[in-house]
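Presented below, as structure tokens, is a lone chain in the form predicted on its own.
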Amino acid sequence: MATYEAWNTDRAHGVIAGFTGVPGACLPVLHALQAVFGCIPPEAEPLVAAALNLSRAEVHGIVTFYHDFRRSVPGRHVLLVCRAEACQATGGDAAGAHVRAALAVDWHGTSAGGVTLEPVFCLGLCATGPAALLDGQPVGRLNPARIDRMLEALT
């Protein structure tokens, strides 16, 4: 479980400064900001745009296009459930529906118990059937019973 700093403009300027002058720095800057703050808050976009000589629209488009970037700080646990075709073909849709129902959230939401649910589009665990990453640890062969046990262990 990661801990994050509260948003701080001066700290954000310091993170961004480490990448100015680096070609193609936008993605690395955004990843670095998310590593520090847990998300990319809207206040970060104009700072990144100004530092990298990009438009705010370009930065906003990048943040909202890539599924890896969050707009809010995640819960205590992050559960990434594979949504790729191979996992869907082996029951991934049912597994995803069960997880969403068990947590009472939709994709990108955080449950009352502090679990943030995110889709991911391939974990490379196709041979295990529906798969997920829970706090960075792979979990394969997802089925309702296994999902329930996994979520119960988080409380």
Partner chain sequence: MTRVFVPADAAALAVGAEEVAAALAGHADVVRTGSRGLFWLEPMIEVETPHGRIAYGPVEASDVPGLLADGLLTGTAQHLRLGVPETIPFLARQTRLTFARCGIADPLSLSDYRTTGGMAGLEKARSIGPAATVETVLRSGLRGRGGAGFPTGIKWKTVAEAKGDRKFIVCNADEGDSGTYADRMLLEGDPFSLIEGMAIAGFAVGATQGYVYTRSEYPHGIAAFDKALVIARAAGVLGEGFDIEQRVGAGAYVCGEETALLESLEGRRGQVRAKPPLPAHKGLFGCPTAINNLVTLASVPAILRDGAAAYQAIGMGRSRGTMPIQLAGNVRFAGLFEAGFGVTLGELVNDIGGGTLSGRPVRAVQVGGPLGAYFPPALFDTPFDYEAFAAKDGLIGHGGVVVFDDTVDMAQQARFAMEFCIAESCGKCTPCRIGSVRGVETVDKILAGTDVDANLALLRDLCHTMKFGSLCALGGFIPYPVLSAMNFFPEDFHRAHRLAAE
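Numbering follows the first chain given and starts at 1. Between two forms, the rigid core is defined as the largest C-alpha subset superposing within 1.5 Å. Because the structure is a prediction, the values reported are computed rather than measured.
There is another form of this protein, the form predicted together with its partner chain, and it is not shown here; the text below is about that form.
Trainee: Since the chain is shown here on its own, which stretch among 96 to 104, 38 to 46, 109 to 117, 59 to 67 would lie within 4.5 Å of its partner chain in the predicted complex, judged by heavy atoms?
Mentor: Correct option: 59 to 67.
Trainee: 33, 71 and 151: each with a heavy atom within 4.5 Å of its partner chain in the predicted complex?
Mentor: No: no residue has a heavy atom within 4.5 Å of the partner.
Trainee: Report yes if any heavy atom of residue 51 sits within 4.5 Å of a heavy atom of its partner chain in the predicted complex; otherwise report no.
Mentor: The answer is no: residue 51 has no heavy atom within 4.5 Å of its partner chain.
Trainee: So in the predicted complex, does any heavy atom of residue 138 sit within 4.5 Å of its partner chain?
Mentor: Contact check for residue 138: yes, within 4.5 Å of its partner chain in the predicted complex.
Trainee: Is there any non-hydrogen atom of residue 16 lying within 4.5 Å of its partner chain in the predicted complex?
Mentor: Judged by the heavy-atom cut-off of 4.5 Å, residue 16 is well away from its partner chain in the predicted complex.
Trainee: My question is simply whether residue 22 lines the interface with its partner chain in the predicted complex - judged by any non-hydrogen atom within 4.5 Å.
Mentor: Yes, residue 22 is a contact residue.
Trainee: Need the contact residues for 114 to 143: heavy atom within 4.5 Å of its partner chain in the predicted complex, sequence order, or none if there are none.
Mentor: Contacts from 114 to 143: 120, 121, 122, 123, 124, 125, 126, 127, 128, 133, 136, 137, 138, 139, 140, 141.
Trainee: Cα of residue 141 displaced 2 Å or more between this form and the one not shown, core superposed?
Mentor: It does shift by 2 Å or more.
Trainee: After core superposition, I'd like to know whether residue 70 moves between this form and the one not shown (criterion: C-alpha shift of 2 angstroms or more).
Mentor: No.
Trainee: At a 2 Å cut-off on C-alpha positions, does residue 60 qualify as shifted between this form and the one not shown after fitting the rigid core?
Mentor: The answer is no; the displacement is under 2 Å.
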